[in-house]
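Form predicted alone, single chain, as structure tokens, below.
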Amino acid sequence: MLSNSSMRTPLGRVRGLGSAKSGTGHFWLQRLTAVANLVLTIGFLCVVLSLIGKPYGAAIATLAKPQVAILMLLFVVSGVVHMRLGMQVVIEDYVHHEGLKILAVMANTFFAIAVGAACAFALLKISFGG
């Protein structure tokens, strides 16, 4: 009787890669962004809570501070990457037609880029006083 390990090639066992050749990296990147999101969300909430009841000018002044702008950019980038990875898993698991799957993964990537770019543009515009 064959054991499970004999079904894999020696190179596959050494690299630890499955049939998709990228599962481990995808798994760890999703976990890394999840942990980063936990930490960055605390900072985001602190900024938002500090702005409750403040006028528009105070919010702009707060977001224009370099430390706050960098925190917000990291929050956006981590969130967008995590969103793209999570949706990619859902698409790969539940879309069974290969052509639709490729189209959906591409649309997911473009959507994540658009959301990230719009958020980054807004934050940078505020940060640089535009």
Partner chain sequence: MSIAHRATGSALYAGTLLIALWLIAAASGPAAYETAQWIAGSILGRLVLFGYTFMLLHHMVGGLRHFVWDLGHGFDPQTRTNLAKYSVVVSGGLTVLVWIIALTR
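Residue numbers count along the first chain shown, from 1. What you see is a predicted model, and the numbers here were worked out from it, not measured in a lab.
There is another form of the same protein, the form predicted together with the partner chain; it is not shown, and what comes next is about it.
- In the model of the complex, M87 approaches the partner chain with a heavy atom inside 4.5 Å.
- Proximity of M72 to the partner chain in the model of the complex falls within the 4.5 Å heavy atom cutoff.
- Although the partner is absent here, V77 lies well away from the partner chain in the model of the complex, with no heavy atom inside 4.5 Å.
- At least one heavy atom of R31 is located within 4.5 Å of the partner chain in the model of the complex.
- Contacts to the partner chain in the model of the complex (heavy atom within 4.5 Å) from stretch 94 to 126: Y94, N108, F111, V115, A118, C119, A122, L123, K125, I126.
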